[in-house]
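Coming up is one lone chain in structure tokens, specifically the form predicted on its own.
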Amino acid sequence: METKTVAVCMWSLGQGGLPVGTEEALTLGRKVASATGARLHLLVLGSLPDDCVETAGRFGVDDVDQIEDAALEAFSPDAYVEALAGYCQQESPALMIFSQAADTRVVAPRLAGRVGAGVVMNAVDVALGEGGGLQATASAYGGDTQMVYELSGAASYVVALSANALLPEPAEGGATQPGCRSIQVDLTGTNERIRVIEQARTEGPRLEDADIIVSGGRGLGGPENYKLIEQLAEALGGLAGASRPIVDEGWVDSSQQVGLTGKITRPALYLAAGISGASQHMAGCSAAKTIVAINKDPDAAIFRYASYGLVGDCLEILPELIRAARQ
């Protein structure tokens, strides 16, 4: 695949700074652009976030492209796909990189279908293969394995980079001075087919950014015991998480779910109490530097991932850990 332009795509929705994951996507974009001799563009839908151009320069961006339209100031999938498709028609980027989140899961595959591009979701890397073509590595089967896709046969590709898949690294050799370009796309005939009546809102620290996470699972026995997870997390200066089964049963809010269909985390310490270690859950925490597992089943799958393991009843062990952490 001839790679002339690599475009990292983002929208800020008035949050002030760059969305979480943008710097990781720019790091990957810079890597691919450097390896292929392509220009690196940052495409912004809507208003420019604070320090956008400065940050883009630190990560080696050549041009900051902006599509500004009233239809793009709130998340509107149909308008976003239309704007991105218009950009592709004008600029013909060989590779479009998104930071994967709930909204990009909606937009990226639809964009690929609209412009006839190949698409890879859950990506963790894009690099040159032995034959000189690009290869995308993606997480598969709930994070148990990785698949490598040859990016060949299509004129362009859309890649969604998984959260916390890599660490942000500014460009070597100093910052660039990216130019700013206004891209004009006609969105007058675009109508949203789905309207959000009420949007979920979360406040406070994010699991994705936590250095310490204490998570609980069905081994806690009942929702009344989840307070032990919260107390230990507080004592350690971390955040409380949960496995999908107890979220599905209504013990805790879905914003605390760690896993493939929840939050993808990269803490320094991940303590899992009463969690079996299903692949879907481990996809959300396997990047932790240290995993500590508490489970009364010595054959629980989570012990295969854990740096340290305690075989025992978490209802007996957690109070002792809370007492020790508070001392």
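Quick caveat: nothing in here was measured; it's all calculated off a predicted structure. In this text, residue numbers run from 1 along the sequence as written.
What comes next is about the form predicted together with a small molecule, which does not appear here.
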Can you tell me which of 291-299, 65-73, 49-57, 32-40 lies within 4.5 Å of the small molecule in the model of the complex, counting heavy atoms only? 291-299
Any non-hydrogen atom of residue 286 within 4.5 angstroms of the small molecule in the model of the complex: no
Would you check, heavy atoms only and a 4.5 Å threshold, whether residue 93 touches the small molecule in the model of the complex? no
Test of understanding: in the model of the complex, would residue 28 fall inside 4.5 Å of the small molecule by heavy atoms? no
Residue 170: heavy atom within 4.5 Å of the small molecule in the model of the complex? no
